[in-house]
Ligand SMILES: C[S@@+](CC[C@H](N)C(=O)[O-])C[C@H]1O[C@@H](n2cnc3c(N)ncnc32)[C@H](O)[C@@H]1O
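Next up is one chain by itself, shown in structure tokens, the form predicted on its own.
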């Protein structure tokens, strides 16, 4: 029994030693953003904001709609490393999905992520809540549909966030109208980084 416990402890220590530090993950994130262009990534300041929001909400279950190359998912996972939570992320494009899997492995966050190659509008109907936090960064004209599907799955006190609300308002007018008028939600818009792409933050009452 003592031997088994010793082996178990050794495995935990070894796993911890092989987990990239926050600084190492941040360095890798910088490389991903600079070399994997064309993936419509959020900015680093926005990623830091989302990571902090995960901690603020003390999120255990986070849902991301639109994985792309995994850049934003890694930021979310950094927060989830501290809360002990996990991320479900959905991506419809095979190439971006495959790239994301490699980036998740390279940054050591893969064990925290349930990454699915799927049509979000179909998959969301199958996923059970509750979620503590949702991040939407996919096909802009479908934001309203995503919101309709996820709102019942977010717990009271949870938060729904969405990217590009400042840079692409014409593509998501129904979504913006809903988050501003729905009595279930209290919404603010946050603009960070040089691009000022805008993140909506809608708290569910």
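Numbering follows the first chain given and starts at 1. Predicted model, so just to flag it, every value in this text is computed and none were measured.
The protein also exists as the form predicted in complex with the named molecule; that form is not presented, and the subsequent description refers to it.
- Listed residues 78, 87, 134, 120 were compared with the named molecule in the predicted complex; 120 is the one with a heavy atom within 4.5 Å.
- Taking the partner from elsewhere, residue 40 is found to have a heavy atom lying within 4.5 Å of the named molecule in the predicted complex.
- In the predicted complex, at least one heavy atom of residue 92 sits within 4.5 Å of the named molecule.
- The named molecule in the predicted complex is approached by residue 146, whose closest heavy atom lies within 4.5 angstroms of it.
- The named molecule is not drawn, but in the predicted complex it has no heavy atom within 4.5 Å of residue 172.
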